[in-house]
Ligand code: PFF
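Before any questions on how it binds or moves, here is one chain, the form predicted alone, in C-alpha cells.
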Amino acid sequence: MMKKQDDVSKTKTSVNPIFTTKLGVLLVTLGSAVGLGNIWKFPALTGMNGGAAFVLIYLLCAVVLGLPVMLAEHAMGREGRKDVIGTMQKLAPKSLWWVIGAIGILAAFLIMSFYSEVAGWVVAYIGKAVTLGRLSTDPATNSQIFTDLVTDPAQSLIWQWVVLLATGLIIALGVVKGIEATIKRSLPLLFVLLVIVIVRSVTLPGAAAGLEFLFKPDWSKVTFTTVLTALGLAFFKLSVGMGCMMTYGAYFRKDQDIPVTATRIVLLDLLISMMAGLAIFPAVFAFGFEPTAGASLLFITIPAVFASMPFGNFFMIIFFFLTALAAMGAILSLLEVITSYLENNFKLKRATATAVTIGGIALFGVPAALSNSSTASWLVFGKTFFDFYDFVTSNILLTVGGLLISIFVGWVWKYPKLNAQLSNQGELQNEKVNKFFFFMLKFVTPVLIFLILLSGFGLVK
C-alpha cells in the first residue's frame, strides 16, 4: 500500500505528466503503432510488393530491427523525461546527438503532412456509408467513388483540416485526459470489428486466392528495394525513429517493465497487421480487385466486404469510425512529438503549442492533400508531394533515425545506463534479456540498417 502511495506522489510531483496505469502505457504506445499503418499502408505495400515474401521480410525487420530501437527509445525517453531534443541534450550534453531529436521532429511533421490526408479519407468514408445507399462489390464503381473523393480539391482539404482540428483538441487536453483516455476506449473496439470483417472476408467465394497471396511466398519478386521498403514500413508502423516512442517513454511510470512492454507492442502490432491482411486480401481476389491498387486498396475493398453482408452500411460506418480513432492514436503521438518540443523549449502554453503545430502541418499538408488534383503536376524528384513526403520519411528519416539511435545506445550511452532503465534500477531480474538487446543495438541492428539503406539506394548489390 505504501509503495502505491509513493507512485502516486511521484506522479503528482513529476515535471512531465505520467501515464496513470501500466495498461494505459501499453494501450497508448500500441495506439501509436497501430493505426493507418496497419489498416491502410501494410495492405497497400504488401499488395504492391508481391504478397507473402514481403510480409515475411517485414516481420523479420519488425522483430530484429524495430523492437530493439523501440526499446532503446523508451529507455532514453524515461531517462531524459523531456521532449526528444531535450532528452538527447540531457543524455549527451554539449554534443551533436540532439540531431536524433531533430530528425524525429522533422519526420513527425512531414508524416503528419500526408498521413492526416489519409485519415481525412477515412473520415469522409464514414459519411459515404451514410449517404451512398446500397454499397457495391463492383471494382469499377468502388474505384470511381474513391477517385471522385481524392481528385476533389475542396473535399481533400476540408477532411484533412477536420482531422487536424479534432486531434488538436485532444492534444490540447493533455497526455492523460486527452491521449490516454481516447486510446483506451477506441483500440479494443477496433480489434473486435476487425475479427468480424475477417470472418466475412475469408468465407467469400474465391477467398482462397487471397490467402495464398498473403501466405505463399514468391521470392522472385524480392529486390533490395523491397527490403528497404519493408524496413521503412516496420519503422513507420512501430512509430520508431520519429521520436514518438522516446516522447512517450518520458511519460512512462517508473515501475513500467520496458522490455516486456516493447515486446508486447511489437507482437500485438504484428497481429493486427496480419488481421488487416486477412480482412482485405481474400476480398481483393474474391471480388476481382487489383492487389497492386496501392493507397486506394482499403477504400475500394472494405466497402465491397460490407456490401456482401446484412446491414453492410451500418457496419461500414462503425468500421471507418473505429479506423479513424485508430488513426488518431498514431496522429496523437506524432503531434505530441512536436507539441512537447514547442511547449518545453519556447515556454508556450499547451493550447498555443498545439495551435502552432496544427497550423504548420495544415500549411505544409496542402500540396500533399492536392496531389491527386491541383498539384498533381508539381513533382519533387519525380514524385508528387504526397509520395515525396512518404518516401523521405519512411525510407530515409526513420531508418537514419533508427540507425543513429542504435549507434548512440551501443557506443555512447552504453550498457550500464541502458540496463538501469531496462531493469528499473535493478528491481527487475532481466539482465540476460537486457544484454541481448544491448548486443543487438551495438553490433547487429546498426549494421543491418546501414546495409539495407545502401542496398535500397543501389549503392551495394
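Numbers follow the displayed sequence, beginning with 1. Remember, it's a predicted structure, so these values are computed and weren't measured experimentally.
Form predicted in complex with 4-fluoro-L-phenylalanine: not shown, discussed below.
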- Partner-contacting position among 115, 341, 306, 389 - heavy atom within 4.5 Å of 4-fluoro-L-phenylalanine in the predicted bound form: 115
- Message: Under a 4.5 angstroms heavy atom criterion, identify the one residue in 409, 65, 422, 36 near 4-fluoro-L-phenylalanine in the predicted bound form.
- Response: 36
- Query: Thinking of 119, 156 and 159 as the candidate spot, does 4-fluoro-L-phenylalanine come within 4.5 Å of a heavy atom on all of them in the predicted bound form?
  - Reply: no
- Message: Quick check for you: of 351-359, 237-245, 211-219, 144-152, which stretch puts a non-hydrogen atom within 4.5 Å of 4-fluoro-L-phenylalanine in the predicted bound form?
- Response: 237-245
- Taking heavy atoms and a 4.5 Å cut-off, does residue 71 contact 4-fluoro-L-phenylalanine in the predicted bound form? no
- Item | Contact label in the predicted bound form: residue 279 to 4-fluoro-L-phenylalanine, heavy atom within 4.5 Å | no
- Message: Taking 4-fluoro-L-phenylalanine as it sits in the predicted bound form, is residue 334 in contact with it (heavy atom to heavy atom, 4.5 Å or less)?
- Response: yes
- Task: Find out whether any non-hydrogen atom of residue 266 is located within 4.5 angstroms of 4-fluoro-L-phenylalanine in the predicted bound form, and reply yes or no.
- Result: no
- Note on the structure: Near 4-fluoro-L-phenylalanine in the predicted bound form, with a heavy atom at 4.5 Å or closer, the residues from 317-332 are 330
